[in-house]
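Next up: a single chain in structure tokens, the form predicted on its own.
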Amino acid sequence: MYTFGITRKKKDKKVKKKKVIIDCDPGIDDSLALMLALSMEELEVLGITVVCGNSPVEMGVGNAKKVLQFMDRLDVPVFAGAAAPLRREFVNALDTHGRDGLGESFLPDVKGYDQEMEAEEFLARTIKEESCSVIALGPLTNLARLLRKDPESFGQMEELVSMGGSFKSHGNCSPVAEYNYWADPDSAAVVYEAMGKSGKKMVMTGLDVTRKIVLTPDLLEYMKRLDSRTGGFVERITRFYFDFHWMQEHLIGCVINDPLAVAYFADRSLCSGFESHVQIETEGISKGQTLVDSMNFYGKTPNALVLTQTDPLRFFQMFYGKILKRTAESLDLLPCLVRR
């Protein structure tokens, strides 16, 4: 049956965007996380603050701009932050991420777009003015410096999601420590302590869940088939990462930790976990270890949501769907995830 003379328009569902600052240390997986965040209609990325970690801070700023240029999003400002941890000596992860911090892709530098404002000032101003959240993908030095400089603005953060730490999974730079917290355990310790005092809970997106997010050769090849430009870019920056994971862990593929923190921030059903009090060891052989009081031994108020479970298929459906601009129904990812 046909109806003439009447045009019914579907009402566009307006997605309420979550305002967020991404604090990172690009870094290969940080760059993939930025690609995801910038592709999500659910998020409004107000700015990117860079901390020393995977790469020195100046290199990290340059790498962030390279990703922004590829994504045609150089409108997003990038701010340089801490060039050294609070107390310990800076130890980068260029052995993992390549001499340029971006998989030895040696992409051309992006000239201009420099910001005079430092990361802490941008964080303080923006959190107060915008009532936004922070996704921290690197060491927590910028957040610790913000806490010291302007505790009021730190307390006004809507949410803090951190990629870091480990509950039961082994460490990736010591037997017990994950790199981001090991690189600056003092900052991680004061940030977790401050969250407890504020009555809020930060989200610990640690190795227990991120280790399940493995970009395999099949997944990468499938991405290239779907979108040669984006797939080619991802291949260029991850090839070194593939080789590193094979040499270090005999893993065919590479763990992409940081995008999961972004994905969870947008969709809370992607991961689950439990609330606990968490504190960070700052000295000795277990430096950087996250002490998760899962049995409430100390009887302290929880200061963190510790994520322990995730769904890799749903994550990759989101990741591919967003950065390739495709629907989940159009993607056939399961064969790429099944180990033969």
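Don't overthink the numbering: it's just position in the shown sequence, from 1. This one's a predicted model, so the numbers in the text were calculated from it and none came from an experiment.
Although not depicted, the form predicted in complex with a small molecule is the subject of the following passage.
Contact stretch among 152 to 160, 214 to 222, 120 to 128, 253 to 261 - heavy atom within 4.5 Å of the small molecule in the model of the complex: Going by heavy atoms within 4.5 Å, the stretch is 253 to 261.
Asp208 versus the small molecule, in the model of the complex: is there a non-hydrogen atom within 4.5 Å? It does not: once the small molecule is placed as it appears in the model of the complex, Asp208 has no heavy atom within 4.5 Å of it.
Considering non-hydrogen atoms and a 4.5 Å limit, does the small molecule approach Leu137 in the model of the complex? Leu137: contacts the small molecule in the model of the complex.
Applying a 4.5 Å heavy atom distance criterion, does Tyr192 contact the small molecule in the model of the complex? Contact with the small molecule, no.
Using the partner position in the model of the complex, report whether Tyr179 sits within 4.5 Å of the small molecule, counting heavy atoms only. Yes, Tyr179 sits close enough to the small molecule in the model of the complex that at least one of its heavy atoms falls within 4.5 Å.
Which pick from Ser169, Asn172, Ser198, Ser133 sits with a heavy atom within 4.5 Å of the small molecule in the model of the complex? Checking each option against the small molecule in the model of the complex, the one that comes within 4.5 Å is Asn172.
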